[in-house]
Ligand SMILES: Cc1ncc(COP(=O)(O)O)c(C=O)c1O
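Consider the single chain below, provided in structure tokens and representing the form predicted on its own.
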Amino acid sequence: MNKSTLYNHLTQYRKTIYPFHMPGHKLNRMFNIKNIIDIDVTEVDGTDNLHHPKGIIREAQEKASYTFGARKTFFLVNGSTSGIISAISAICQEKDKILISRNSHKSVYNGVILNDLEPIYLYPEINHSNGIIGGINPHQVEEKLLKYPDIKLVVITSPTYEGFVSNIEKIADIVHKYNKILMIDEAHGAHFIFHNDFPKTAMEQGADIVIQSTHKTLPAFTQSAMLHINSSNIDCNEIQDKLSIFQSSSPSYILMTSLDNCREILDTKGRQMFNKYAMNLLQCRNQLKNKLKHLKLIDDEVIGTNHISDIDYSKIVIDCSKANITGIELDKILRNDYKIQVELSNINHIIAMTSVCDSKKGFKRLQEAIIKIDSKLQKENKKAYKYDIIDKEHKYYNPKIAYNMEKETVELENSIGKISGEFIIPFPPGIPLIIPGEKISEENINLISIYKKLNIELMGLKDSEINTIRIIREV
């Protein structure tokens, strides 16, 4: 009998790997919680209730709202996903139009499908030299609001997975000029407010609703997140009602305690911790910026290009597009030879996620490994692959309609020009390459074939082998 368990497997992982990936606590490198099984309780007298907080949970949320700069804060125990879907459901009604950035996380599309909304897309600019997604053009937002005056909600992802921030202040001014509501998926920006080296938060720039994945970049348990309200125009009772639908009816007190513990750490030690973190991060980035010859650290040079107004320096993004190595290969070398696991690897780049819980020794280990690997590489000019779908209009049916239409299964190569009945989502980062109701292009299929060869995980397809796709049956 195999005695291996998930617990044993993960314990061994922690012993052998340094995690430059989420969660932000970096495998228990910054926690005040001990014996967490002792606090695994339920909603009984004295423990309060997340769905109708009157006592200690309400107090914890109020403290968090002050720390993170919100009018009101809701704890999320089903991740940012539950906050995104709940907020969309609270603001929009069936058949409403919603303006969303096409590089939104799959949870935004789930919110669109669940509420039978009509999505209007904003297309981020793409850096064609390295294939990386940039920011949203504020003028494009105004053009869409003028063309579709009945848009109910605007949803934008900022920062992107790579840490690129759009000009949220200008976008907020435009959205409010037309009396609309702006929601920002700031899942990767929960740490911004704690040091001046990071961009201004979306709330500081005027967003009305902001969702942050606290666990991604701060010391909190995976799946714990926060929904922040930054406007008196938002019906908080409606938000609370929708959260009670899309979150578990048995919310984890361990996760809620994790959020409150994180807030307490930041309130009492945050300034000191972040000053030390910022210094270690800057030293690491300077080493990579000055010593790499073939690989390249994405840095300040992208600010002001492709509608990127700022960058999150905590994301160490290494561009492989001019070297004889892919991000996938670089990832494997780091893991196998240096016992370092990064957050994301793609054809063109890798992302090493850092947080306030990373050690100076950890930063040195990362920089020395990448510099050593770089010294063995050669220059190579190669095509930079990109998400073709996100900079072109391919929508044929609304996602909800396509999701429920009759489908047939065809080989991938025979699907070109057909209408997809499924999602195709490279993971991470969870941005759909194809959405139900979009026309499948030859470029899509070529890119999927490359992803398959590189063993990049693709989610959403019924066929786990990724040989076939369900398309809308022609009538």
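Nothing here was measured: the structure is a model prediction, and the numbers come from that model. Residue positions are given as counts along the sequence shown, with the first one as 1.
A second form of this protein, the form predicted together with the ligand, is not displayed here; the remarks below concern that form.
- With the partner omitted from this view, the residue of His228, His215, His191, Arg102 that lies near the ligand in the model of the complex is His215 [heavy atom within 4.5 Å].
- Of the residues Thr257, Thr326, Ser244, Asn78, just one reaches the ligand in the model of the complex with a heavy atom at 4.5 Å or closer; this is Asn78.
- With respect to the ligand in the model of the complex, the three residues Thr157, Tyr161 and Ala187 uniformly fall within 4.5 angstroms at the level of their nearest heavy atom.
- Although the partner is absent here, Cys320 lies well away from the ligand in the model of the complex, with no heavy atom inside 4.5 Å.
- When the ligand is considered in the model of the complex, Ile171 lies well away from it, no heavy atom lying within 4.5 Å.
- Shown alone here, Ala202 lies farther than 4.5 Å from the ligand in the model of the complex, counting heavy atoms only.
- The ligand is not drawn, but in the model of the complex it has a heavy atom within 4.5 Å of Ile84.
- The stretch among 207-215, 113-121, 126-134, 192-200 whose residues place heavy atoms within 4.5 Å of the ligand in the model of the complex is 207-215.
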